[in-house]
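What follows is a single chain, given as structure tokens, in the form predicted on its own.
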């Protein structure tokens, strides 16, 4: 049986039961929280190119409201304003899931995300909506819809957003982003590199690396003095990662290899890493804001099997004394606590290590290592939903 959280957020009974296993009756607060953004939009400053003080000063000099994070030195954030009402208009542009979640926050409308825009001409005022009709923004069309329909326009902006439900700076359109000074990244994702704590001279592997957020953070954290190898199986995503590293001026500071990270111990058995990040594909239930999402418990079960494969392979190429950090942007125990419990039973030469947790919660009670984990909950911590575990290999 499928349960509709909203018109296009649909989870089956198994997913709902998994959420209740984590949150109890608080699952309703969680579901409400993931439908809207947090109050802060985070970015990481590329400290290889610019200081945090300088970038804050530059932004503020142009009237951009921006602040330094209270704990992470490289993190800055922009307050997210809203919600606002958008005007219902006769002409509309319908966009897909990924475009909807960005436009909801104030991004412009780009050609690849447009599903339909019948009758829209250049200069028209339009309402932009998700597939289910959820209002996202008002915008001004900058191309004719006909040009999109006949594929004369395949890339670039098709409508400039004038008013959105939520409002934050368009980070990717800032000159600081274009020049490689900024990388948009959630606060919990930034904590992963701090938990890993890579050092200059160490060999560090990022196993599911594209599009490069954690890889670039590792490079910056070590001042470009660690040996970083980034793996991903997707040629398309690796090209996106290469472009990100080029923009950050870090493309010479990491090796990028196309491979399935579930088989590193077979295909690259000679590798012996000091530090490894395993951030595998997951159900992404913690990602927000969600306009459109459809998940079944079968998805969760399938992903958990993949996640265990990634983890088992990574441990085999980790040096004795090495550190592995496992993280996901989802909240189910099946993809988090249970994965670590299983690997700890299978691999007798590893220890699960406690993570300092000033701004987060511990794992779900009832597991052997619950007090070792770090969890971020959208409705409690005002962040994405996130899980982090740390493992040390003894032998």
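Positions refer to the first chain, counted from 1. Note that the structure is predicted; figures quoted are calculated from it, not measured.
Below, we refer to the form predicted together with a small molecule, which is not included among the displayed structures.
Across the options 205 to 213, 314 to 322, 172 to 180, 80 to 88, residues that bring heavy atoms within 4.5 Å of the small molecule in the model of the complex belong to 205 to 213. Contact check for 234, 260 and 281: all three have a heavy atom within 4.5 Å of the small molecule in the model of the complex. Although the partner is absent here, residue 310 lies within 4.5 Å of the small molecule in the model of the complex, judged by heavy atoms. Within this chain, residue 297 is remote from the site of the small molecule in the model of the complex, having no heavy atom within 4.5 Å. Using a 4.5 angstroms threshold between heavy atoms, residue 306 counts as touching the small molecule in the model of the complex.
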